[in-house]
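Read the single chain below, which is given as structure tokens and is the form predicted alone.
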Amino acid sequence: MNELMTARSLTTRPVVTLGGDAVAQVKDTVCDAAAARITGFTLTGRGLLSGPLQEGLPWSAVHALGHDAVMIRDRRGLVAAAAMTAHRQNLRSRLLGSRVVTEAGAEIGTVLDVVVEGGTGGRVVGFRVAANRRFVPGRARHRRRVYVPRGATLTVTGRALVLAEEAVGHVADDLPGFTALVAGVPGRWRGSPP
């Protein structure tokens, strides 16, 4: 499995060609929530006073999504930003702040961030959630911010994500624990076998 990262951590990540030229930086992540994958990025210029670019970066032009940069073959992969976002949602407008419920109607919480797979995958693998007190009991505020896998099925209805029951059976407190959970490594997440 490739490195997992949060979509918010991609904001301001440089977009670099394989030749080493920094052509832009990520402004926002565009995704197809129903397909649970990144479809591209809106971009901004590289500099303090740079504004949004009229070009976007479709996922098909991404060579690799790395820890430090989004790598592309060359600048020719960029497309008109308006065309790229016409039928997709950027994360801020659609997913962040959405309610998360199970298929049985139990409220889990609200989406704080989206966890995506780096490398060449671009899959949405889970969510960082401000958990409802009934879902994750405890007094400490930071304990109620957990990572939940998206599961085999994901339904997006209006401003709510509906997850399968088995997806919310296990949660992780941090991204390394969530990585272990998704990879099937026991012991780093809540609900793991002893």
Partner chain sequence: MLFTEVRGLPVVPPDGAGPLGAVTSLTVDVASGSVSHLRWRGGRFGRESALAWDAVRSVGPGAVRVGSAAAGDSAPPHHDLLGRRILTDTGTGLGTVLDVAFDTRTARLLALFTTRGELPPDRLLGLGDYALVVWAG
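All of these numbers come straight from a predicted model, not from anything done at the bench. Residue numbers count along the first chain shown, from 1.
The protein also exists as the form predicted together with its partner chain; that form is not presented, and the subsequent description refers to it.
Only one of 56-64, 155-163, 36-44, 121-129 lies within 4.5 Å of its partner chain in the predicted complex by heavy atoms, and it is 56-64.
Taking the partner from elsewhere, Leu181 is found to have every heavy atom lying beyond 4.5 Å of its partner chain in the predicted complex.
Heavy atoms of Thr17 reach within 4.5 Å of its partner chain in the predicted complex, making it an interface residue. Although the partner is absent here, Leu96 lies well away from its partner chain in the predicted complex, with no heavy atom inside 4.5 Å. Its partner chain in the predicted complex comes within 4.5 Å of a heavy atom belonging to Met71.
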